[in-house]
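Take a look at this single chain in C-alpha cells; it is the form predicted on its own.
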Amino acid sequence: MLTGKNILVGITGAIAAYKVCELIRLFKKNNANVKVVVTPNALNFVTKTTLESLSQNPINIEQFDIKEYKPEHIALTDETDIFVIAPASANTIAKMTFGICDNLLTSTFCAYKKQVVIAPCMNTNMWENPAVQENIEILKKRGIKVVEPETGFLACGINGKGRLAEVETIYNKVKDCLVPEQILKGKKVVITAGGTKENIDAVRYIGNYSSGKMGIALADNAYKLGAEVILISTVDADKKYKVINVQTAQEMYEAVKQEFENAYTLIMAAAVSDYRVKNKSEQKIKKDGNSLIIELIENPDILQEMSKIKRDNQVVVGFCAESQNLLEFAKQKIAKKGCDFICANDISKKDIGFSSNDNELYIINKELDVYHIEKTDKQSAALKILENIYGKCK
C-alpha cells in the first residue's frame, strides 16, 4: 500500500517512544522506506541499534552531523514524503509552535514543507495545560495533522488522557495522507494550466508569466483522488491522465467547451489572455523605422461563459491573481463571473508569485466565506483546494 513512499519518523523523549518501533515495522511491512530522526532524550527510551535494525537506515541524531554538501535537516526534508513525529512531547510541540530549532528534529520540522503528522504523548495535566492546548490549535491551523492521545492508564500511575494513540491509528492517519481517499472516483474533472499566447506575427506573441505549475499540481492531485482528469494546458506535461495542448485563449475556449459538457468540475487555473491581436501577421513583421500599432480585440471569457451554461450538478472554480486589494477584487470577481469558488493569490509576493514552487491562497465561495491556505508547496496547496471544494478537509 505504501510502496515507493518515503516516510520520516521523528521520535522525542517520551516514555511511549518504544511503541514507535511497531509503527516503523508496520511502515516497512507495507513497503515504505523509513528514515528516523530522534532527539537526544529519545535514546533514553529506545536504542539506536533497535531503530537502525527496524528502519534499515542510519539514525539521524546530531544537528551538525553533515555527511554531504547539504545540512542534514535540509537533506531529510528533500528526501521524504511525510514527517511523522511520534511520540510528540509537550516540549517539542512548544518548539514546533514557536520555530525553535535547538536539535536536528526541530530544525528539520522548521524546514519541512510537506505534510506533518504528530501524535502527542504526555501526562494528563500537561495535556490539559492551556499552553499545550493553544499550541496544538496553532499547529492544526497551520495544516499539521494531530492524532490526539487516548485515555487510559499512564506511566505516571493515573488514568487520564495523554497516552499515545494506538499504532494502527497513527498508521492509518499517515496512510490517509499518502494515499488519499478516492473522493473523485468516477468524476470527470477538467483543469486548465499555463499562460495563453496570442500571436502578433510568425515569431512574436503576447503572453504572461504563468508557469502552469499550479494547474498541473491540481490535475495530479485530482488524479490521485480518483478523478478522470482532462488537463488543458499551454505547457507540455507527460502524465498518466489525458493532456490537451493548446496555445491561444480561443483554442483553450474550444477545448474547455467541448470537455465541460459532461464534466463534474471545471477548474480554471490557467492565466488566460484577455485580448488577442485583431490582424496577426502570418509573416515576421520587419522593422521600418516607424511605430508599430497593434489592435487588440477581447478574447472570450472562458470562466464566465462556462459559469453561464453550467448545470446544478456541476462545479466551476476560477483563479484570481492580483497584485493589490486581493480579497476585495476576488469577491468582486466571483460575483461577476458567476462561478462557485475563486482561488485568490497575491502575485506581488515574489516567493509565491508566478513560476514559484510555493503558493498561499484564499478560497472564496458564493457566500463570500473565506478559507485561507497558508504558504506551502503547490502540490500540498492543490490537495487542500480540492479537499475544500469537495468538503473533505481532514
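Computed from a predicted model, the values in this text were never measured in an experiment. Start at 1 and count along the sequence shown; that's the residue number.
Another form, the form predicted in complex with cytidine-5'-triphosphate, is not on view; read the next lines as being about it.
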Though only this chain appears here, would Lys336 touch cytidine-5'-triphosphate in the model of the complex if you measure heavy atom gaps against 4.5 Å?
-> yes
Please run the contact check for Gly212 against cytidine-5'-triphosphate in the model of the complex: heavy atoms, 4.5 angstroms, yes or no?
-> no
Counting only non-hydrogen atoms and a 4.5 angstroms cut-off, does Gly143 reach cytidine-5'-triphosphate in the model of the complex?
-> no
Touches cytidine-5'-triphosphate in the model of the complex: Pro300 (any heavy atom, 4.5 Å) = yes
With the partner absent here, would Ser273, Phe319 and Glu322 each sit within 4.5 Å of cytidine-5'-triphosphate in the model of the complex, counting heavy atoms only?
-> yes
Contact segment among 273 to 281, 257 to 265, 176 to 184, 96 to 104, judged by heavy atoms lying within 4.5 Å of cytidine-5'-triphosphate in the model of the complex = 273 to 281
Using a 4.5 Å cut-off on heavy atoms, what residues in 103 to 123 are near cytidine-5'-triphosphate in the model of the complex?
-> none
